[in-house]
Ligand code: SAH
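Single chain ahead, written as structure tokens, the form predicted on its own.
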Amino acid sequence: MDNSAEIQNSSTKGVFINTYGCQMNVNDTERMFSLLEMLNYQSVPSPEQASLIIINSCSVREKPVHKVHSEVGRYRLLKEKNPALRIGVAGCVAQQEKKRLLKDIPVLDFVFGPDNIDQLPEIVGDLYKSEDSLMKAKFQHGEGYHVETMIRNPGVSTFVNITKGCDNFCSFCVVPFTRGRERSRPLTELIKDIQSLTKRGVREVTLLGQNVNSYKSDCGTNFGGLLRAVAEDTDVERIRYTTSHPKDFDQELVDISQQYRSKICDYIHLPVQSGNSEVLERMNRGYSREEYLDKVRMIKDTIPGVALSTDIIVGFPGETREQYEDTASLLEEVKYESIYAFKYSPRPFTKAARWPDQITDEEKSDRLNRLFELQKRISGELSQKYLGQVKEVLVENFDEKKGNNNGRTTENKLTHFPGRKDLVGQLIKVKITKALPTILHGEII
């Protein structure tokens, strides 16, 4: 019997998956692990222990293909020592590059896109029937989005996909080309899915999609209706969601968030990308600075005390210093609890990648660093309001060495406090005694 057959029949096959990018990719990786368990694969902590290696790639930031080349290069020696080892690339780079990856990296055995994850058992089975490389990167545009959340150990808090793909076509974003057009899961399936997770000990779910606000079930229920249904028809105790698109954020959604505030968390991630209306128009975001600020006022007026975070791109093609300063001034006006900021990087297939007025990397780095310094001050100032408050914390972990629990408040503030292992999974009242820009410390009441 040859080595490949020996590995295929073994009951202790190891799989190593290295994951890059967004929470969607993290969720996809968890699904891969669950599917591979059906083939008797077990997760291993290092590639040296694996008979199957998958790189779950991300193409949102710069040089993603170079990252894949570099990582596969590190595994080349492993394959020389063990010819039965199979190496594959998944995720957005796989969808973007397709057969080009197999051509340029001969050591690769297979490539598959995000829409083909559920075919993974079939793909891996075929790997050991032929020496030929495999490529699966076809969008399932005409099919409904019917999946069950597959998580081996969901823990206290977990993510639940409600949509996949995106129809917005922002001029900087490759997602519509790597994850396809937008599709929503049926409401009844989501409710059943979430209720099943609560029976496994899940206390908090984060509803996940590229643009959750545009969710629409086959029965016509919109995202606000989904939030209402999850709050009323499941036993989950906390509900979060990401990512929201400002153009689709309306008064109905905010009213529902306020109405079910006992379950829907006081935290909204509302990506702005730029504080300048001209840049926003070139980004094809569908709103102006003034319209975005109107949404922020609507949210804060309806849900007093809500915490906001955002995404920002600096150095977008043609962004002047004055336009960048508009972004900085937006931070001062909105007062975000936290931001996720990045330097613009050209992505394949996108309009902005073809524009001639690209900003130098040195200038982008300078703008990014100054933005982080500004936000550090704002976060530090905002955190002081928590001092002396009693916050309800959902306990997620226990550090045995330090004797500390940690979890998050409804505002998504990570909070540490002395505790016990048996508190994991409980909602505990904690008095805040120390407030740092990104972390709170406290003691159990």
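Everything numeric here is computed off the predicted structure, so don't read it as measured data. Each residue number is its position in the shown sequence, starting from 1.
Another form exists, predicted together with this ligand; not displayed. Remarks below refer to it.
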With the cut-off set at 4.5 Å between non-hydrogen atoms, does Pro271 touch this ligand in the model of the complex? yes
Would Arg289 count as a contact of this ligand in the model of the complex, using a 4.5 angstroms cut-off between non-hydrogen atoms? no
Heavy atom of Lys164 within 4.5 Å of this ligand in the model of the complex: no
Looking at the partner-bound form in the model of the complex, is Asp311 within 4.5 Å of this ligand by any heavy atom? yes
Check each of Phe342, Phe349, Tyr260, Trp355 and return the one that places a heavy atom within 4.5 angstroms of this ligand in the model of the complex. Phe342
In the model of the complex, the residue from Arg183, Arg282, Arg203, His245 that sits within 4.5 Å of this ligand by heavy atoms: His245
Sort through 115-123, 71-79, 237-245, 186-194 and report the only stretch with a non-hydrogen atom within 4.5 Å of this ligand in the model of the complex. 237-245
Using a 4.5 Å heavy atom cutoff, which residues in 168-195 contact this ligand in the model of the complex? It's fine if the answer is none. Phe172, Cys173
